[in-house]
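The chain that follows stands alone, in the form predicted on its own, written as structure tokens.
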């Protein structure tokens, strides 16, 4: 009996000691630390490098080549590339105005037939770029870099670095479709798009929206598009929209180059397409701005991020449809060099610049911050 009592006392003592140790673990060294928000501000991508250098911001997320520019000039360092946040995520797309697609240009030409020819040139330009990137010793790669310098206004070193972080492509394959679906669902869950906008737009659900908003007709018909001896729309040029200095959208610049087209004509001209820049200042500042120009009837076909294309189409009923992919990945969160920021967790109480809350870059930043269990808040 005494042994049993002694045994019970010993067991009780062990339990008490263990419980005390557990309390120490929970309330001592391993006590959860208070989490602080990551703050964001919006600004033009061309201003981000200067703001980082002046200490106005602690970092930024932008499309290439602006990340590579800050990194090569030792003003910033890459914290994380977008492919690490969301591998193979779709980024820029080719969008057509549905009003343009329905346009009768006369002589048997329609906006839809000219879009087919435009997409054919986009496919060939993109394929040429992919081949050039696969052989960096080739003359085509040298030309690609030269075209990147012309389009972005950046140095060869910056363009080469930017191209190393790019994935160009035109196909709307399963990975692309899943990415568009995931983004749309994220926008609805996060409140960027209210769910009733699907019904207002005539869509049953997200899957129905993605099926209808990604029009593969022009990609499927590309093999039937043949070169033309003449420009078919000399008096009705396709007004191209794109973001200023955004190397994600280099394909349209490549398609306008006569050397790439074989020397006499550009790829657009080869397929009978006359094009002009819709922007009077060499491109738009952001995708949401470009979508506003679509809404105003100033752009026929444009290159921009899939995020603003989706959001503006649903939220503002901008009459557009995605007709091809332009690229995937190609952005980075860049932070001040030698600031000791080594992880997303280190961004607490720091300020990160984004081009706009309607851009893919904002979506990527929010995803990275939320995945770390942190909150992203507007700095006021």
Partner chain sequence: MTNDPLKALNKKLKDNWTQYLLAVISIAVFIAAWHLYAAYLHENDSGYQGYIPYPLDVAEALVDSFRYEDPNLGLTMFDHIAASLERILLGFVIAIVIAVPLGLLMGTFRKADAVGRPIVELIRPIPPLAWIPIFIVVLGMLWGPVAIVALGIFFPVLLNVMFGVRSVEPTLMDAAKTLGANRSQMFLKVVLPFTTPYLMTGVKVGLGIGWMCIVAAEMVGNYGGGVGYFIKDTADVGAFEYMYAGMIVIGLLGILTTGVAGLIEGRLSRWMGMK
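These figures come from a predicted structure and were not determined experimentally. Numbering follows the first chain given and starts at 1.
Just so it is clear, the following notes concern the form predicted in complex with its partner chain, a form of the same protein that is not shown.
In the predicted bound form, its partner chain sits within 4.5 Å of a heavy atom of residue 56.
In the predicted bound form, its partner chain stays beyond 4.5 Å of every heavy atom belonging to residue 344. Of the heavy atoms in residue 322, none are within 4.5 Å of its partner chain in the predicted bound form. Looking at residue 292, you'd find a heavy atom of it within 4.5 angstroms of its partner chain in the predicted bound form. Of the residues given (108, 191, 262, 282), 191 alone sits with a heavy atom within 4.5 Å of its partner chain in the predicted bound form. Contact check for 148, 258 and 268: none of the three has a heavy atom within 4.5 Å of its partner chain in the predicted bound form. Of the candidate stretches 225 to 233, 163 to 171, 305 to 313, 150 to 158, only 305 to 313 has residues whose heavy atoms lie within 4.5 Å of its partner chain in the predicted bound form.
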